[in-house]
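Below, in structure tokens: the form predicted on its own, a single chain.
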Amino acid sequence: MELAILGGTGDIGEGLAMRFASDTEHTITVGSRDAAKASERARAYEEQLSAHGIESAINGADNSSAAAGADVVILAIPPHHVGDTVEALTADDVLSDQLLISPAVGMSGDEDGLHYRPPSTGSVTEFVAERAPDSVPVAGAFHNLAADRLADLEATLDVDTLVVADDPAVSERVVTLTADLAGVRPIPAGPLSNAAEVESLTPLLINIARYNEGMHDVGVTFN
């Protein structure tokens, strides 16, 4: 499978790229607005993987080129840029039936911590779906994963990620894709209208990490 991680030079993009490259046989392309930057980071990721005995090729390209050749596109884009990115991909006519997965969360911070700040649509995931072409399926996943722990290949994962999608078949596609990541359990959480509840966990987890020593990479599991 061809997997594009747009915004793959950022924290969550790096973590997802590293884990998918180390745990799966998918072809990984890191996307960025700057193709040279994407290629540079792709080489750096390959070096990190090689240092852990994992030989995996990672490609780098501009966002449009990365998305055009993909079966699945993960939008690891800051929430204030994700709408523009989807609209740019649509304008470039590169989106057809790729599966879009959004892990972005709207947040703002003050001296007390981070607070959930969704767009007017109710959630960033719904915001993405509103701007994507009708033919392009959209799901939300990976919102509550700790980026630093994902990127640390020496760290053992034992976390859950909630998956939202309006079409159960789309949800199952994301569940199947995610289940290949060692230590990450995907759990369906209903339609996109439930995305706000899922996304709002992220600032909570970051605040828990802030106020509790030794919980920097806190995650969630459901039993």
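The structure displayed is predicted, hence computed values, not measured ones. Numbering starts at 1 and follows the sequence shown.
Only in words, not in the display: the form predicted in complex with a small molecule, which the text now covers.
With the partner omitted from this view, the residue of 147, 88, 114, 94 that lies near the small molecule in the predicted bound form is 147 [heavy atom within 4.5 Å]. If you check the small molecule in the predicted bound form, you find no heavy atom from any of 118, 127 and 192 within 4.5 Å. Interface residue remark: residue 137 is not counted as part of the site for the small molecule in the predicted bound form, having no heavy atom within 4.5 Å. At the 4.5 Å threshold, heavy atoms of residue 32 reach the small molecule in the predicted bound form. When the small molecule is considered in the predicted bound form, residue 81 lines it closely, a heavy atom lying within 4.5 Å. In the predicted bound form, the small molecule lies farther than 4.5 Å from every heavy atom of residue 18.
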